[in-house]
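Only one chain is given next, in structure tokens, and it is the form predicted alone.
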């Protein structure tokens, strides 16, 4: 089945065309700067046909996601760099959705009721949900008869028990505003946990910590194949130190900063999301590669930032091991998790008491492109692995599965 996977951001639209029969990406592309200046916006599209290696780039009027979606269709159909002869060859569309609230615990076929519930999630993800809805509407306009599936970043975490997802606020505010831990990166955690379960050869009785580490990072405790706890919360701001996000801290810091720096709620929210984390502590960059280079040049603040991140990951591994009552495997994935050996070593340092025998030589010898790689010694009771994530494959697979139910 040919499945178009769409990931609509606030001003961008990423896409991949999957051939699910062979699990290959046929084409991929990105529309950027969508609607940033209203109707006068000039955006950019880059498209690659991976079968014939033909590329296309252009700057075009891009007022909204509907217009961007039309350009995507044009690129897919193009005689030279396209890959399909008609849109009828695209049998389904799968959408990555950041926040499904408490409404969605699994991927769903799009219908009016689903769209209405997604509208209720606007306040939970004000930057992403409107863009997702525009992306869906754009696809409905240019492909009105093609079934569409929504795959939620939050869905995999819906197995958490109330004691894990509730906050210590008055219960009436939880009921009024749905204030609770939701968790994010669920599609990534689901994929790498599934791959680790294959390696372990079982699901029942397994205890895994998955570490999705990138510009945004989250860690999950997965027991018997289901999420028991996760670091991100009501928003993706919570958890470990990230590229520009602060991660966990005393909530009283927020009103203190607002008072001392004369910030509004929107200003302090932007500060905590965009000016903290690796960037704020190091003073160098939000990119782990730049911070690593600064450490090699002797920058002590850069070293502090990386040590903080490694320490916090290790702390969560320990706390999740306690919560699950044991540990069978640690998995690293995403940009930092797959490519930064020093962070993996810091996170696994001194975990011998848990049964982790970390192989430093294997860790430092990981080749690119990164493949599934064991980082623990042969006798290690706890397995440590790099498993490259593949969220798009999960979205394509879920889409195919649900659409096939319509064909029965």
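Numbering follows the first chain given and starts at 1. Quick caveat, the model's predicted, so the values are computed rather than measured.
Note that the form predicted together with a small molecule isn't included here; everything after this is about it.
Undergrad: Each of 159, 206 and 225 within 4.5 Å of the small molecule in the predicted complex, by any heavy atom, yes or no?
TA: No, because 159, 206 and 225 lack any heavy atom that approaches the small molecule to within 4.5 Å in the predicted complex.
Undergrad: Examine residue 235 and determine whether its closest non-hydrogen atom to the small molecule in the predicted complex is within 4.5 angstroms.
TA: Residue-level check for residue 235: no, no contact with the small molecule.
Undergrad: Within 4.5 Å, heavy atoms only: does residue 368 come near the small molecule in the predicted complex?
TA: Yes, residue 368 is a contact residue.
Undergrad: Please run the contact check for residue 214 against the small molecule in the predicted complex: heavy atoms, 4.5 angstroms, yes or no?
TA: Output for residue 214 is yes: heavy atoms within 4.5 Å of the small molecule.
Undergrad: Answer with yes or no whether residue 49 is in contact with the small molecule in the predicted complex, where contact means some heavy atom within 4.5 Å.
TA: Residue 49: no contact with the small molecule in the predicted complex.
Undergrad: Which of 247-255, 124-132, 168-176, 215-223 has heavy atoms within 4.5 Å of the small molecule in the predicted complex?
TA: Heavy-atom contact with the partner occurs in 215-223.
Undergrad: Exactly one residue in 272, 98, 317, 288 has a non-hydrogen atom within 4.5 Å of the small molecule in the predicted complex; which is it?
TA: Checking each option against the small molecule in the predicted complex, the one that comes within 4.5 Å is 288.
Undergrad: Please pick, from 280, 147, 82, 335, the one residue with any non-hydrogen atom lying within 4.5 angstroms of the small molecule in the predicted complex.
TA: When the small molecule is considered in the predicted complex, the option within 4.5 Å is 335.
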